[in-house]
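Single chain ahead, by itself, as structure tokens, in the form predicted on its own.
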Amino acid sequence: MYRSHNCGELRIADVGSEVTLSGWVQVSRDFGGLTFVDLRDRYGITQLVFNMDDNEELCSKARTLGREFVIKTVGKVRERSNKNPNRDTGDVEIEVSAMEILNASKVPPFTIEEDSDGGDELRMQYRYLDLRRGPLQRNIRFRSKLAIETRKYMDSQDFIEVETPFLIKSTPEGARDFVVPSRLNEGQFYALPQSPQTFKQILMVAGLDKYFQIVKCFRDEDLRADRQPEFTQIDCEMSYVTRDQILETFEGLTVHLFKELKGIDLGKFPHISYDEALERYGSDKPDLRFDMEFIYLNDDMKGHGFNIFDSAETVVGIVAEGTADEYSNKQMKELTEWVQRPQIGAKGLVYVKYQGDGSIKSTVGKFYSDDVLKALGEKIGAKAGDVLFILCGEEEKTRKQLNELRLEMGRRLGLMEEGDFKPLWVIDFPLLEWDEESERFHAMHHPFTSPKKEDVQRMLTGDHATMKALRADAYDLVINGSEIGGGSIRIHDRALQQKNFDLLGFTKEEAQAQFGFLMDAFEYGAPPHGGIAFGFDRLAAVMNGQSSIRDFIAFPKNNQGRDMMIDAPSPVDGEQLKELGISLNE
């Protein structure tokens, strides 16, 4: 027997028991006649004691142990004289009577501690060592429980879990596909799915009614902290449902997951339209943990001889409460430089300080008298001690810039409190986006999204301007400024689906070649249906207050899409390529 207990299990009630523990050596400490060893497994750490007076040979052997040696020990549980309140097993220790070294270890390239001294690339190269660390093990355990609780809830709602294929047909819409050559069909390729979208719609035509799957998806796109080339979705579809029924079902899933895994009651989720979200926050995924809503100032700031405002399409600001006396001129200059960075792109930043002593200080005081600025402050509800920050320019671009400033001020002022979660549904997205470069429409979500019922006739008969105004029966779940999931009511009528393909620039032949199987299925009694997909990795990260999904994936890729541990992608043997009919020399 390698162990009678794990390394996080023993408590004061176990004193006097003889136990067997196995695990990795976290650290060892020699104090003359005593040697202390911290033994670790995924459950925790237990302190071992080797006494030179009791067993000189055993104690000498213990002193040869290095970090990450794998050992088995037998001993008696005793109460610690110097207890460790920061450790679950901190009231006890093991007085070791026997030890076996199961495997030695090289010195690890970084410390296997809560906070490691290894950089990202090094830790990814030795991922099997990084995964021994407490933070990653907690993340992976959380991910496992998240999947289990998802399945519990979906089963309680009578959903059926169905696996869909990984080798499918490549489609031109959306991100780039990963393609897989077919040996048996030389010159032809499968694609790895960006989502199971068409298959889950086919399942609705097949009458399965409620489908879900925790599924891997693949996108060959540029990477960042919350993106990976392969990622996991909670993918769902339902028949005979309205938008509100879908939102109710998956609001229920989200509430269930937070309640079971975090002990947090989220309450009811507000609904905000896409247009309202952009108008109030400059983003279709607003962070509602703090206010700082946009204030439109065209009527107040134009016509005073300040040409920059007078010539701008929009003048818009936010009020940062209680910062007037805290932010020095140096800090204001630094904040101005922050919004002027290429990532933000603002030309400058105007501010009005309503100082605690009642005076007003502004970068545009030359054009606006104190009386005008005071009246403006009263109108927008700015109090003594507040600062009004103002940006101007093209409406869409300026809103995006001010959204970034709003989020930055939220961070700097500590308004994004840990453990505070503010979910919302963003609804009524545009159906189509016009791309000036390609001079054609693109689907805002995907080509199978249905227009709102009241817009269907306009879609079938309207002109180009009408198409730009079409609204989709689409929705996103947003938590703390992160898009957690998105979905829509789907088109289930062949004629309407064909019209959407026409608007997206598909010829009838292209639409039939790419999606003919789906449109053919619509002719055999397709029910009304809709669904949603949650980003499983992102949900796990957001629930734990983290921005990167990488540490919630056991074996992630780096920013170049490489697996540093197995060194992939890698060249393929020439004979394999020959069998596939592929030549790299052409």
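Keep in mind that what you see is a predicted model, and the values were worked out from it rather than measured. For every residue, the number given is its place in the sequence shown, counted from 1.
The discussion below concerns the form predicted in complex with a small molecule, not included here.
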property: The small molecule in the predicted complex: contacting segment from 542-550, 38-46, 62-70, 529-537, heavy atom within 4.5 Å; result: 529-537
property: Contact flag, Gln233 vs the small molecule in the predicted complex, heavy atom cut 4.5 Å; result: yes
property: 4.5 Å heavy atom contact, Gly410 to the small molecule in the predicted complex; result: no
property: Residue contact check: Gln340 to the small molecule in the predicted complex, 4.5 Å heavy atom; result: no
property: 4.5 Å heavy atom contact, Arg406 and the small molecule in the predicted complex; result: no
property: Residue among Gly90, Gly481, Gly118, Gly486 with a heavy atom within 4.5 Å of the small molecule in the predicted complex; result: Gly486
property: Arg123, His445, Lys285, His256 - the one with a heavy atom within 4.5 Å of the small molecule in the predicted complex; result: His445
property: Non-hydrogen atom within 4.5 Å of the small molecule in the predicted complex for each of His304, Lys353 and Ser362; result: no
